[in-house]
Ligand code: DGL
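What follows is one chain in structure tokens, specifically the form predicted on its own.
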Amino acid sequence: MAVGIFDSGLGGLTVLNAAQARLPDVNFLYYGDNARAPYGVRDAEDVYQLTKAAVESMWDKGCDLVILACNTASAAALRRMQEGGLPKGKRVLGVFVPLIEALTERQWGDNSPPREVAVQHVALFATPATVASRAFQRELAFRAIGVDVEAQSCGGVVDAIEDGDLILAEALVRSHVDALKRKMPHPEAAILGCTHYPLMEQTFQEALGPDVQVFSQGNLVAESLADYLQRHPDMYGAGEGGYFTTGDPSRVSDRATQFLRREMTFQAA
């Protein structure tokens, strides 16, 4: 068994990398549905069915705990999977809550009523499906009041990253930031609401300016996971992890190695 990390493609590698650095003694099983990426342009039912099938495959491979390191999957599938009932001893967690807890300066697991927070104007950059779901705003409302969120759908960025065209990805990021600023000229904070986007974090920061605090998910999710595993040591799992993909293992291995700047070898899921 191992702790599972799922993403529609390569974006979840940013969470995997941070989690491995934070929890070096934990085995991780990464599963990328690269053959069907990106999820951000699919409808909610499609995302749910694909996510559910992937998570069940990860359970079959020995994972007890699966992190949906995909904001689109977290938005469209997480709550539905949890409410539908999970097999005994299995858990699925998303990536929104650690981000919102950091934004609102709440401790991990703080379930107190929503309250006013320091940051009042927040830019959300996400995939079209995540923006349409309004899942981020819904989760934020459980923890904070009076926060103005302006969401910007960032079409094309994930495709460019998956294709390895970082020049195009940078150009698209700058274009989307410009579009956001026309709607919200002076955001105080920016949420990178897709796990692909930390690969472009420097570009987002440069386009937004030095006064905007940029929140990305890798380290925040890793810290939240460490806290969760400390409270639930039975979910650590044991045995070998590994890297799996529904896409071409050779191509995905090359892309993953390029992104993380360390050798990664994927096998067919």
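As the structure is a prediction and not an experimental result, all values here were calculated from the model. The first residue of the shown sequence is 1; numbering continues from there.
One more form of this protein exists, namely the form predicted in complex with the named molecule; it is left out here, but the text below deals with it.
Proximity to the named molecule in the predicted complex, taken as heavy atoms within 4.5 Å, picks out 69-77 from the listed stretches 140-148, 181-189, 69-77, 98-106.
The named molecule in the predicted complex is approached by Cys194, whose closest heavy atom lies within 4.5 angstroms of it. Though the partner is left out of this view, Val122 does not reach within 4.5 Å of the named molecule in the predicted complex, counting heavy atoms only. Mapping the unseen interface onto this chain, Gly32 falls outside it, with no heavy atom inside 4.5 Å of the named molecule in the predicted complex.
The named molecule is not drawn, but in the predicted complex it has a heavy atom within 4.5 Å of Pro38.
Using a 4.5 Å cut-off to the named molecule in the predicted complex, each of Asp7, Thr127 and Val158 places a heavy atom inside that distance.
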